[in-house]
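What follows is one chain in structure tokens, specifically the form predicted alone.
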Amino acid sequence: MTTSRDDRSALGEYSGGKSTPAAVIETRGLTKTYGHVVALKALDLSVPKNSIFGFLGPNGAGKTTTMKLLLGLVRPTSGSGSIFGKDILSEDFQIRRRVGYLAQDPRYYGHMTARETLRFVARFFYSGPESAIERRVDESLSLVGLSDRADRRIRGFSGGELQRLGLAQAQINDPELLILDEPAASLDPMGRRDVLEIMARLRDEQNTTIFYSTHILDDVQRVSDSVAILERGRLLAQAPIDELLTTGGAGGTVYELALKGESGAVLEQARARVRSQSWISSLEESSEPGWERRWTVRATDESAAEENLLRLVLKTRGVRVTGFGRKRQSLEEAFFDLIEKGGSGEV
């Protein structure tokens, strides 16, 4: 076998012998229009190496268009993009040998078995002894959990089995980058779980970067390191997922506090002191048993809040803080907040 990742690395084929850049995918102003329809508008994207990057958006947001542009399947109207530091237009052939791709609706020859399908695809990438190719096919079948169904005809496969086969086919060339278009969209919860586990295994065990599109919010929150949100061809946000889920969006940063007071008057005094600050945009309060309160505080100045918010509350004698931290919202909350407010490009 002559084109494994280790072989290519040893020959210095990665970036001309230079170290691999931190960002595997980068775009600058990448735009695609069809007549008067803007499918993608000035996309600036950066996908870190060895991450699972969720490309999130409703149907028609421009996710598939972006993937086709990156793979050289369509040409951009304007802007630029690179993968492994190589230009997606002038160096697309070199890129494709190092990338695996799974289309949203993959098609197969139903009369072939899973093993025959992978063997057929592998020969586009590998040369050398048949035993080496068979070993790679067996490794791929094992990775996606299809070893016991390797010699069944594909026409009898379930939706989940077909998607597993698609993942095996996409990574048969041991790619550094996997581009997956809605890999779990049509699967039941068990099938989706299996696909996400395979993606995590590829990142953790084979150091593969995974760039995948989806509109299933739960999947992104479960497995992704970073996320970008696209809507009507426009990038609303991109950030590490933990950062996205602890931000307050365009309205500021949100903090949650749990307090106990000697009396309602003492708690009201603390509340008034906090509300008087120019960098506090809102304070919502809910009552707990006795003289206990929970506050949700939105601050427009994060640094001022981190330095002063807790200190302001504790200035009031008779108040104890039993819980304090930035609010962690669900991805669904963050997503709809950005969609409704129109986003700000960077979180």
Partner chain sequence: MKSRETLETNGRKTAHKDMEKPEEQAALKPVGGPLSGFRNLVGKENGEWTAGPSLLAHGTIWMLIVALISVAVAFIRGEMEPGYSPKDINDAGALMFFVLGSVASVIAVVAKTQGSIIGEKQLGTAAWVLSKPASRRAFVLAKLVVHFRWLLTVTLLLPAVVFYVLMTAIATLPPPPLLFLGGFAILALGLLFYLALSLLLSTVFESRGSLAGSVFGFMVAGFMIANYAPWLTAAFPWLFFQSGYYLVTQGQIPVYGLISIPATALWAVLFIFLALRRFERAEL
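Positions refer to the first chain, counted from 1. In this text, the rigid core denotes the largest set of C-alpha atoms whose superposition between the two forms falls within 1.5 Å. It should be emphasised that the depicted structure is a prediction, and the values quoted were computed from it without experimental measurement.
There is also a form predicted together with its partner chain; it is not shown, and the following applies to it.
Taking the partner from the other structure, its partner chain in the model of the complex has no heavy atom within 4.5 Å of any heavy atom of E243. Contact check for S140: a non-hydrogen atom falls within 4.5 Å of its partner chain in the model of the complex. Put simply, S127 is close to its partner chain in the model of the complex: some heavy atom of it is within 4.5 Å.
Looking at G252, you'd find every heavy atom of it more than 4.5 angstroms from its partner chain in the model of the complex. With the partner omitted here, the residue from A150, A239, M112, V274 that has a non-hydrogen atom within 4.5 angstroms of its partner chain in the model of the complex is M112. Checked against its partner chain in the model of the complex, the residues R234, R136, H215, K86 give one hit for a heavy atom within 4.5 Å, which is R136. Taking the partner from elsewhere, no residue among E182, I210 and L230 has a non-hydrogen atom within 4.5 angstroms of its partner chain in the model of the complex.
Stretch-level contact check against its partner chain in the model of the complex with heavy atoms at 4.5 Å: of 162 to 170, 253 to 261, 266 to 274, 78 to 86, the positive one is 162 to 170. In the model of the complex, the residues of 200 to 220 lying within 4.5 Å of its partner chain by at least one heavy atom are, in order, R201, E205, Q206. Relative to the superposed core, L177 undergoes a C-alpha shift smaller than 2 Å between this form and the one not shown. Once both forms are fitted on their core, a CA shift of 2 Å or more is seen for R115 between this form and the one not shown. After superposing the rigid core, the C-alpha of A132 moves by 2 Å or more between this form and the one not shown.
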